[in-house]
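What follows is one chain in structure tokens, specifically the form predicted alone.
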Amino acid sequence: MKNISSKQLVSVGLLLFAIFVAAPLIIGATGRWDFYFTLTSVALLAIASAGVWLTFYIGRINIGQGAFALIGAYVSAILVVKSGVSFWISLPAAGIFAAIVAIVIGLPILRLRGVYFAMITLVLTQVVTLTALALPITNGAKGISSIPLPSGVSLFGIPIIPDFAAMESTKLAFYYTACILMIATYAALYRLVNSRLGHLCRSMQQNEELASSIGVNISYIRMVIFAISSFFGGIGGAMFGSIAQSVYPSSFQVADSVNFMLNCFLGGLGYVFGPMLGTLVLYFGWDLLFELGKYQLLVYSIILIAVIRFLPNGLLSVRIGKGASK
């Protein structure tokens, strides 16, 4: 594993300070409690985008992450509402189920060339939406509402996680939960990229035929990476469902899948933390352009095209030098 430099440690320290200290202090001072929901949404979108980035890392374009986010949201909601399972158990279960679905779907399509894989993933979100509309267990178009807030967790009688329902305001609790999940996701992503599996993925990205000729099991690695990618999507979707206390077939759409991909492009495909920055900039950038009214989408598109044209390696390439896992 590559050693972490002092510069990287400082960057991580500043990030943690901004998330857990600076942001709550600023929100408390300004009284803009709605920013907790905004930042929570950014954290969860960054988790799902991390999965899309991972498929890019093996040279595949994934435009179907919204499908796995929707799967995760429904699995968690069904377990919590209809089976009485604790949300904290349903959360990893949602990710695992999304990963299993990805394996079943990926077995045939991951053997295809990249362009065909991208075309098939483009319709996945719509397929899952139509499935949610048709299945009795998902309540069709009515969706699943009145999802209970996460319950408390104790270990040997010591409270580890507070009962969200007993809190006066759950915004801060969801904010910290989402940020902790985001940090864990990107820590795992960084570790994977700098592991032996990550090096094999990089060799596949450069030349799959050459990697196969030296004994790399291309199909197996594609499947593992796609499953991990979908796991992240399922986790993000489950958290969104818990925050909204509801999930509907339209909770995640094709546009969301496209945005997950754009987050990776904007932040930088060559950097592990690119999707995190891309999500932050894209989310707030869209809101800032709201004042432009009917020209919002036009200006938004022009800016994105300009960034991709003049910063092909993303925003992080402005300050950071070369390196796929920096």
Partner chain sequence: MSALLQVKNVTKKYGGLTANNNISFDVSENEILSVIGPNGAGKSTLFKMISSFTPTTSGEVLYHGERISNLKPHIVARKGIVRTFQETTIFKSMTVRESVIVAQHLRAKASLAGYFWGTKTAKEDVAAFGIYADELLEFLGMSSISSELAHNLPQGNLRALGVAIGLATAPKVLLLDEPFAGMNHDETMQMVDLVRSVRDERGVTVLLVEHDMPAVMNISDRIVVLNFGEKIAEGSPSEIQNNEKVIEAYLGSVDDEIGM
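Keep in mind it's a predicted model, so treat the numbers as computed, not measured. Numbering follows the first chain given and starts at 1.
There is another form of this protein, the form predicted in complex with the partner chain, and it is not shown here; the text below is about that form.
* Non-hydrogen atom contact Lys171 with the partner chain in the predicted complex at 4.5 angstroms -> Close contact is absent here: in the predicted complex, Lys171 is far from the partner chain, nothing within 4.5 Å, heavy atoms only.
* Asked: If you check in the predicted complex, is Leu155 within 4.5 Å of the partner chain, heavy atoms only?
  -> Output for Leu155 is no: heavy atoms all beyond 4.5 Å of the partner chain.
* Asked: Is there a non-hydrogen atom of Leu210 within 4.5 angstroms of a non-hydrogen atom of the partner chain in the predicted complex?
  -> Yes.
* Asked: Is there a heavy atom of Thr138 no more than 4.5 Å from a heavy atom of the partner chain in the predicted complex?
  -> Output for Thr138 is no: heavy atoms all beyond 4.5 Å of the partner chain.
* Asked: Gln245, Ser86, Gln206, Ser250: which sits within 4.5 Å of the partner chain in the predicted complex by any heavy atom?
  -> In short, Gln206.
* Asked: Among Cys179, Met223, Val216, Val81, which has any heavy atom within 4.5 Å of the partner chain in the predicted complex?
  -> None of the others qualify; the residue that does is Val216.
* Asked: Which one of these stretches, 187 to 195, 171 to 179, 142 to 150, 71 to 79, sits within 4.5 Å of the partner chain in the predicted complex when only heavy atoms are counted?
  -> The contacting stretch here is 187 to 195.
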